[in-house]
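Below you will find one chain, with nothing else, as structure tokens; this is the form predicted on its own, and questions on how it binds or moves follow later.
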Amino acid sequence: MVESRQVLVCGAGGFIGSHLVRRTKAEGNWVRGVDLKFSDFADTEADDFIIGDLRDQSVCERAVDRPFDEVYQLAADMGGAGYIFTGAHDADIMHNSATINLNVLDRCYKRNIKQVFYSSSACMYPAYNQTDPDSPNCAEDSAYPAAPDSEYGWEKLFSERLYIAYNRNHGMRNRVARYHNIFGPQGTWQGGKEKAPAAICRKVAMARDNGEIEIWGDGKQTRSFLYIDECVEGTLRLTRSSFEGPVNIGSDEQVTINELVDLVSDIAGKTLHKNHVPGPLGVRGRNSDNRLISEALGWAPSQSLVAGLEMTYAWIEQQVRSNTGVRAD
């Protein structure tokens, strides 16, 4: 019988955090969540949930009030391209996320908690290695010389170094993962902070057959997208391993945005015209390089993109239908 763990999930009201709470609770652990709010889409399964702002040191003291076995730090000011790449939110993104990481990590150190998982992002990779949509370089050792394409990426890079510095100077065993475009049910799907899969699922669900949807840019930019269950599995495996990271947690199934639209349209059974319009784009190409995670953990994500999109589209279509005044045809 596996001994129950004491687990803290920071950012537990968010998309990945709420799924992580559910998974760790299903293992039989005692789980506390902390966030500014509960999840918008499901009741929390945490044993205890603190509503509070982790930028506030007193909230960190309340949340980290015992020697947790595992702490998952996912709390951040973040969103999709429409939030990150406009430049309008740069100061908030850097200040808010950096403050959270400084507070949480220092509080864990002072409580003699040895192991904190930190969720970094593929946005920290150099923009100069992601100009070719067909062959981006996102190997972990390509991170330097540093040149992220956004202030969001710069903050993630700083915080990676912060967690690893605490390992080096304070004997901690923190783990760092670089997430690549995580998607799935119960994630933000409207309002400006949603990411590409959710935005496209929403647009397709709202469009009439033989109608059109707007796509930012020419749609030839490439990305990979990882289903939430695979993300949670990789997160737990890394946290409980002897490998420090940083390591990519993402799919290596690269598609263009146009291809992503076609996949979702096929799932919906609709024929749609793409209307390409100006909009924030980020880098030209990005794909997870999974060689290191395979070598270090003996595991890498394997679920197909289509399988994840089918589940995500079904959930978002239901959300669209249930919103007053919005039809899905």
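So that there is no doubt, residue numbering starts at 1 and follows the sequence shown. Worth saying up front: this structure is predicted, and the values here are computed from it rather than measured.
Below: the form predicted together with a small molecule, not depicted.
So which of 167, 181, 222, 129 reaches within 4.5 angstroms of the small molecule in the model of the complex, heavy atom to heavy atom?
When the small molecule is considered in the model of the complex, the option within 4.5 Å is 181.
Sole residue of 108, 205, 75, 198 within 4.5 Å of the small molecule in the model of the complex, by heavy atom:
So the residue touching the small molecule in the model of the complex, by this definition, is 75.
Would residue 16 count as a contact of the small molecule in the model of the complex, using a 4.5 angstroms cut-off between non-hydrogen atoms?
Judged by the heavy-atom cut-off of 4.5 Å, residue 16 is in contact with the small molecule in the model of the complex.
Just to confirm, residue 284 within 4.5 Å of the small molecule in the model of the complex by heavy atoms?
No, residue 284 sits far enough from the small molecule in the model of the complex that none of its heavy atoms falls within 4.5 Å.
Is there a heavy atom of residue 42 lying 4.5 Å or less from a heavy atom of the small molecule in the model of the complex?
Although the small molecule is absent here, residue 42 would stay clear of it in the model of the complex, with no heavy atoms inside 4.5 Å.
Wondering, does residue 32 line up within 4.5 Å of the small molecule in the model of the complex on heavy atoms?
Close contact is absent here: in the model of the complex, residue 32 is far from the small molecule, nothing within 4.5 Å, heavy atoms only.
Among 114-122, 235-243, 159-167, 212-220, mark the stretch whose residues have heavy atoms within 4.5 Å of the small molecule in the model of the complex.
Checking each option against the 4.5 Å cut-off leaves 114-122.
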